[in-house]
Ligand code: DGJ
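So this first bit is one chain, no partners, the form predicted alone, shown in structure tokens.
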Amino acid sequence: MVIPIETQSNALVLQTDEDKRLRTVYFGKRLRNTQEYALVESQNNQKDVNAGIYNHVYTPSGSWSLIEPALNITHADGNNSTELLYVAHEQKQEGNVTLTTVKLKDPVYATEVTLFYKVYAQEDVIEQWSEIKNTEKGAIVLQKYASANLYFKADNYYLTNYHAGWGREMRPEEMPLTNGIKVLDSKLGTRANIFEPPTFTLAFNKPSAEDEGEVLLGTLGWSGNFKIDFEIDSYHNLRLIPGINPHSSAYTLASNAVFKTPSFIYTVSHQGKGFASRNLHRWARKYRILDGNGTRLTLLNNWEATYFDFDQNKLTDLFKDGKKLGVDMFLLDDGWFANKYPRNDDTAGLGDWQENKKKLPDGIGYLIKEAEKTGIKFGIWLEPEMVNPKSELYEKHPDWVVKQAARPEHYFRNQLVLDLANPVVQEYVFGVVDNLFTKNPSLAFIKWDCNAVIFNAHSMYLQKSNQPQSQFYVDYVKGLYKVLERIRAKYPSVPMMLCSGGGGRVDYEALKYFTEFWPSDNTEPLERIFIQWNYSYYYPVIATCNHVTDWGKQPIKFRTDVAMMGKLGYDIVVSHLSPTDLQFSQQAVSNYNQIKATLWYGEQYRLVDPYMHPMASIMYVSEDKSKAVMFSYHTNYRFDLTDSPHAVPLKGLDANKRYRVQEINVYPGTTSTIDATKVYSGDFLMRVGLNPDVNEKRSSVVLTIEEVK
């Protein structure tokens, strides 16, 4: 049996052998003649009988295989061996999307595994997951339960993964994969991405490049602990096994129950990682990010302007600043709640979600009305998964808190995590959001934060209900998703930002429920160029929140130009701006409103890599190629690296169209060096290029490129 799974450009081909084991026999460019997929395996002389079957589609443990498994089960009788044989498959197509399901079954034990391959043909994206069904009479225990088990053949493999920390998100590291197993993982429980995101680039044969070579961009849609194995076998082929981290997470599956693993999402490009990222962006906007082709609100946030020190009069004055600036919304950040233990710093009040009567005597409703009178919308910050020990919630419900009763509490940012494995806690967290909207139906935006990791993992709920503690890490995330599903069922269109102290929780399962995410608390603009550059491989700019703040020594023009390369926001004291800075900022917001459609829905092209050059340059091109926006930044202030001596070839334009180039965001009192009267062919701009004239004095340049008809 041959099962071809095809995108527009690629094919993943599965085939049964004489023992009904299902193998991956081909992963590469799509063949013109689909009948020839049946001939692929005849060219394979790799016999791996001593170690099992390296290319099994979902390698089980304890029977014929001696390599890293995708599935490890302890059966109801205590046996740890599993075999999986092909039973049946089905393919259903609906427009651009084809779902292939493959059923495998153990011939001895009543265990079934169904593999799902959801293909988005035009985007060359595959979403893959598995379902494990227990049809034994007793419970089984899932020791490892991966989402996918892929197999590749190449001369060499180069992995780009990202190491991180608070304020240091998405720092890339590319390395050749060698014999053995390379593992990317997280064991943090919440904020699972702080040190390592479940996101990577895999290049075949040679290191990854922007516009050439075969690459895979992959990411796991899971907001908790993950583990991604890269194992090179004895034939120098690569096995890729992504999924939930089995660390301390053996999962008991009752008779007739089904466990669904999270989605592994990937795209393969034969034209470099730039092409792959554009595939992923199109897929994300159309199929995954909430309202991915909708609009977004520009905003003014009060956090860096006030921190916890504010009252309603100070806030209403800031509303006027937001209107003066020209943004759509004011966002009230942390510090607006709690009375017995007022939220005047981060040591108290978290969990007590009533308005602080001293700061806000007239409540949130008053602020919403005042904002609307000013002509802007109103949004608010929440962190409903967390609690301060110094809070009424903690005093009333200590059993709701994740902690070990016999061990001292260990805090992360002075707080603990609520037990979302507990349905009562799920109801409470949903109620926090629901109550806000019930009382304030015109509330326009939620910033959802999650600042603590899980120490001393223990669920009082699981203990009382006689369920294994090893299920906690998984059930926590499932509980979070249940809450978010209820919120979206009742409030389907309210924009929500996924914050999590910066990039601590950014994945494509969470982004089913959120319109955007906060990449990093580090808003220093030079650092942000690199952070945003790396996020841009996996996430489109419509989902990426960037704020102008007072971080860094760069002028406001540089800070603004960097923040415009995404969803624009401000976190500054507008009244502290000089008249000229204010004039510039107002014009920048106006400019942003003119170009945002090209940024949000256009194709992204990276032109100059800041890791290799003293500048960064990136552009966005509208679908019809009539408009483009090019951002260029000076990133290195060393001697003799202070300008752009060469033209930068553009990408993505129509060679037959004619374009006029104009600089925007020109600071008042200065003059652009770009001649806006000249008209260039798309052919010229892409072959010869354009010099944005970036230098120490012109440290950031934003250009619009528009078709001349």
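Heads up: residue numbers just count along the shown sequence, starting at 1. Since the model is a prediction, treat every value here as computed from it, not as a measurement.
There is another form of the same protein, the form predicted in complex with this ligand; it is not shown, and what comes next is about it.
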query	finding
This ligand in the predicted complex: contacting segment from 606 to 614, 508 to 516, 327 to 335, 393 to 401, heavy atom within 4.5 Å	327 to 335
Distance check, D233 to this ligand in the predicted complex, heavy atom within 4.5 Å	no
Distance check, N451 to this ligand in the predicted complex, heavy atom within 4.5 Å	yes
4.5 Å heavy atom contact, R528 and this ligand in the predicted complex	no
is_contact(D521, this ligand) in the predicted complex, heavy atom dist at most 4.5 Å	yes
Contact residue in the predicted complex, from P540, G322, G502, G218 (heavy atom within 4.5 Å of this ligand)	G502
Position in contact with this ligand when the complex is considered in the predicted complex, options W600, F116, Y120, W381, heavy atoms within 4.5 Å	W381
Residues from 109 to 126 in contact with this ligand (non-hydrogen atom within 4.5 Å) in the predicted complex	none
